[in-house]
Every structure is written in structure tokens, then in C-alpha cells.
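The chain below stands alone, shown as C-alpha cells; this is the form predicted on its own.
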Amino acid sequence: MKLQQITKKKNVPSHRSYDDACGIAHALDLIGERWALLVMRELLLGPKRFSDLRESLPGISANVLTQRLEGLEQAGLLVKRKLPPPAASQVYELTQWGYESESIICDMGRWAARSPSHDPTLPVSPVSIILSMRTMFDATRTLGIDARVGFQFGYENFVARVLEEQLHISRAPVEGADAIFTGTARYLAAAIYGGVPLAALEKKGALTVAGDRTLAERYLTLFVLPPKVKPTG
């Protein structure tokens, strides 16, 4: 009885528990609910408002999002705080422990991308495409590149710094970047992973490029999806 009191966490609702001491089982107790991991994904690059999370996850209802945020907060994976004036809005932010999930989430994405049924043409959020760059980056393709590349996805702006075979991407103003992509994450994914020519996307009005076009074209080649597994049978 005493052992049960030690091992059973009060902050994990019993209906979600596998009652298994394995760390994997407990991880699923914490983030195994539908949408929970995607909510965490959206917060990996910084805090967001409730409305921003809903926009990034169009398939989630307000009620379910509220439940997931409450569950992740209860588990110690995120906190909510109020921004100072003039913003004065409430945002949700991962805790330090929550941010430690990035490598797990990215590794899971790389692993799942090998599935023959994975469809890279489906919609993706701005955070998703940025994290995919961190995951699929091929340092061997960066010889001679020393540049800053910006991305404008509506209100979300990011800058990638490529230098000495390393890639660093973060939220930042794009002003001063050597090349700037403007459009949607879905069409940028089409250019990077779908083999859609940049000129075709520009002609369609789906994506625009400002600055060093040669750099922009080369930047798109720095990311490689892992090989698909061969179907069995």
C-alpha cells in the first residue's frame, strides 16, 4: 500500500494511467492524450496565446484545447502567464522540463517520416516546418554558406542562421536577412520536400522570395527526408 502511494502521482488523472512503472508508459500518461503532443510541439519555439494555438491546430476544438492545456500544466510541462502591458494577454509556455521534449518530438518526426503512408503534402503549421528543418538538416550540404534566411508566415517570423555546417533557427524579425521567404508553411514544405520548383510557387502567388535568390534556392536543398521503409509482404 505504501509502495502505491510512492509510485502513483496525484497530478496524473487515474483514467489516463497505464499503471505501469516503465518510463515509456508514464510518458504516455503525461502526453498520450490526443492533441497533447501537438500542443507541446507548437510551444517549442516560444509561448503562444490560446487563439494562436487554435489557429496552428485547426482541427482541435476550444474545449479539447482547454483540457489539454490544463492537463499539461497539471503535469508540470507548461505554465500560463500574463504578458506585461501593452500586450496584457495570457500566454502558455513550456517549462524547462517541457522544452527538453524537443529532441524526442523531432526524433519521432524523423522516425515517422520513413513510413510509406506519410503524406508530406498535408497542411503543416509554421512551427512544424521550422522544427522539420532542424530535424532534416544535412550539414554536408552547407559548404561555403554564411547567411541569414528569414521566413514570414503571417504574424510568425523566424530567422535561420547557417554557418560552419550548423543551423540555428529562432523567432526573430526578418529585417536584414540575406534572403526572405514569405507565404505559408505548406507551400514552403512543398518547395523543400515535395520537389515543387520555387518559380512555380512564385508564379502561383503561393510563395515569394526577396533578397539573394541564389541563396534561397540553395537553402531549399539543405534538408533531406530519411529513406522510406520497404513495404512488407
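As the structure is a prediction and not an experimental result, all values here were calculated from the model. In this text, residue numbers run from 1 along the sequence as written.
There is another form of this protein, the form predicted in complex with a further copy of the same chain, and it is not shown here; the text below is about that form.
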For the chain shown here without its partner, which stretch in 47-55, 167-175, 198-206, 32-40 has non-hydrogen atoms within 4.5 angstroms of a further copy of the same chain in the predicted complex?
32-40
Contact at 77, 105 and 124 by a further copy of the same chain in the predicted complex, all three, heavy atom at most 4.5 Å
yes
Sole residue of 210, 215, 224, 25 within 4.5 Å of a further copy of the same chain in the predicted complex, by heavy atom
25
Could you tell me if residue 117 has a non-hydrogen atom within 4.5 Å of a further copy of the same chain in the predicted complex?
yes
So, residue 95 and a further copy of the same chain: in the predicted complex, are they within 4.5 Å at any heavy atom pair?
yes
Is residue 152 close enough to touch a further copy of the same chain in the predicted complex, meaning at least one heavy atom pair within 4.5 Å?
no
With heavy atoms only and a cut-off of 4.5 Å, decide whether residue 157 touches a further copy of the same chain in the predicted complex.
no
